[in-house]
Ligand SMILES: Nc1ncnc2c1ncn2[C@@H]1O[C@H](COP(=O)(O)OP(=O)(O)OP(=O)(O)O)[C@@H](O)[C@H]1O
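Just the one chain here, the form predicted alone, laid out as structure tokens.
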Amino acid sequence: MASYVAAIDQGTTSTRTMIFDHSGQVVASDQREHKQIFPKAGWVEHDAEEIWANTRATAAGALAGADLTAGDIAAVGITNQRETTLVWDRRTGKPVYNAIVWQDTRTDRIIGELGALGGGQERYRDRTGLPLATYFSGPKIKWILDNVEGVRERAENGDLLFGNMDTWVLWNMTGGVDGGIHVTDPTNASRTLLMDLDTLSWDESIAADMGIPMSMLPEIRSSSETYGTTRERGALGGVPIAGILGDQQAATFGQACLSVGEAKNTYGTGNFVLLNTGTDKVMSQNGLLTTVCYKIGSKDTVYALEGSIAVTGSLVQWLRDNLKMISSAAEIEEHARTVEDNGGAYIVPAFSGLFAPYWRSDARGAVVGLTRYVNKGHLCRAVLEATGFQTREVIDAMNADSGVPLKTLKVDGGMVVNDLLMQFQADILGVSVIRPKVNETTALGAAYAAGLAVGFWESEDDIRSNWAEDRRWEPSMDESRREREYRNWKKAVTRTFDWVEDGD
């Protein structure tokens, strides 16, 4: 009998396959990074064929690492970087253009044109839960159709398919040009600006506004059901693919935030705070997104409020790769600990504009408060604190929308191994910050969705019982300092506004 569940975690910087046992423990993992392509300022792309090759390689590597075969795997779940947009030919399987990544800002003019049709930034929010912003997939599809030669005609002829990376991976894993399944789930569909949150179906009028043929769009199925089986010649040949969750919803599921009012924050390339609002669709009044949290089979849809922050972990990468101030991400804590505070320096990483709660595509990054006193340690500390401050802004908005102040914050992702950051996060929020024993909650959430669909786990109670606390940070900063630091941060944020002018 199959004793494990696998998850494909297709992220912004890498793809990995992870294998979990029934207790939710990691049995094996294999990971490969892919190239980050920056054709112009503000443009970010990925090579989708490289990602598919890495998916195959990591699946084989994870199985080999645990000395397992496909017969040992009960099901496969998929989780993915959301909003990243790909269009490919259904007959050749070839992308017509690189995947346009969620961070990319090239659709700013398209956003303005759509807003000018009426309603501005709020034009589609009542149906989609989202503001008009460069973040989402629909305008990216429109850009490809408008700017890649011959593509619009091929799309209108029914030759092209759209998908976020979950759909691309699923289509290829189930056969590609030879019978590949063109499906997504509501957590991903809700990030396109094209899905009605109430009906979980594509909104034809919005697609028409963007000039997107309906034939391009994948079928929307639940987040936990058997969509098909993997192609026989793959390492996971014949295994059911039975779960799809966008990465942040997967982390919410993996963190067992399955009850109303439970929230998590994932610290990755960006930061994403999700609050489970249950079957109630709460429309934000404070700059957050209303999104699908998950839909398990035929059960009612569960919704969430989300605060999306574009740049957190990638700010550390910028310090390492662009400025060469550190040689590894882990080194930043060492330098930050050489100083007592940020020395008055604040770094606002509006590299792709500002996401929640501002939604300002005209903003650009800034370093403020510099004096001759500031040294490398202060800047390293300011980089870490930028993540904590941005999270505070989102949590404040979430508290205002929900009316229930958050008491504890569950955390996961690559940055939570940084003790200094986690302590600062507790300090600036004034609440407990809790890290689980299994930190790989994104992949684990996708595994749970798949395992539930095939009966590997019986119910959500199994997920709750698997969750266990590893470490907790309690706030130790006095209130006056907390609020003074936060006021300075807010002042720094305003310095980034209106940097990009029309036509830039």
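For every residue, the number given is its place in the sequence shown, counted from 1. Quick caveat: nothing in here was measured; it's all calculated off a predicted structure.
Another form, the form predicted together with the named molecule, is not on view; read the next lines as being about it.
The named molecule isn't shown here, but in the predicted complex which of 222, 314, 352, 230 has a heavy atom within 4.5 Å of it?
Contact residue from the list: 314.
Would you mind picking the one in 251, 189, 332, 273 that has a heavy atom within 4.5 Å of the named molecule in the predicted complex?
None of the other options qualify; the answer is 332.
Since the chain is shown here on its own, which stretch among 176 to 184, 416 to 424, 105 to 113, 400 to 408 would lie within 4.5 Å of the named molecule in the predicted complex, judged by heavy atoms?
So the stretch in question is 416 to 424.
Test of understanding: in the predicted complex, would residue 25 fall inside 4.5 Å of the named molecule by heavy atoms?
No, residue 25 stays farther than 4.5 Å from the named molecule in the predicted complex.
May I ask you to state whether residue 292 is within 4.5 Å of the named molecule in the predicted complex, using heavy atom distances?
Judged by the heavy-atom cut-off of 4.5 Å, residue 292 is well away from the named molecule in the predicted complex.
I'd like to check something about residue 255: if you look in the predicted complex, is any of its heavy atoms closer than or equal to 4.5 Å to a heavy atom of the named molecule?
Although the named molecule is absent here, residue 255 would stay clear of it in the predicted complex, with no heavy atoms inside 4.5 Å.
The named molecule contact at residue 268 in the predicted complex, heavy atom, 4.5 Å
Judged by the heavy-atom cut-off of 4.5 Å, residue 268 is in contact with the named molecule in the predicted complex.
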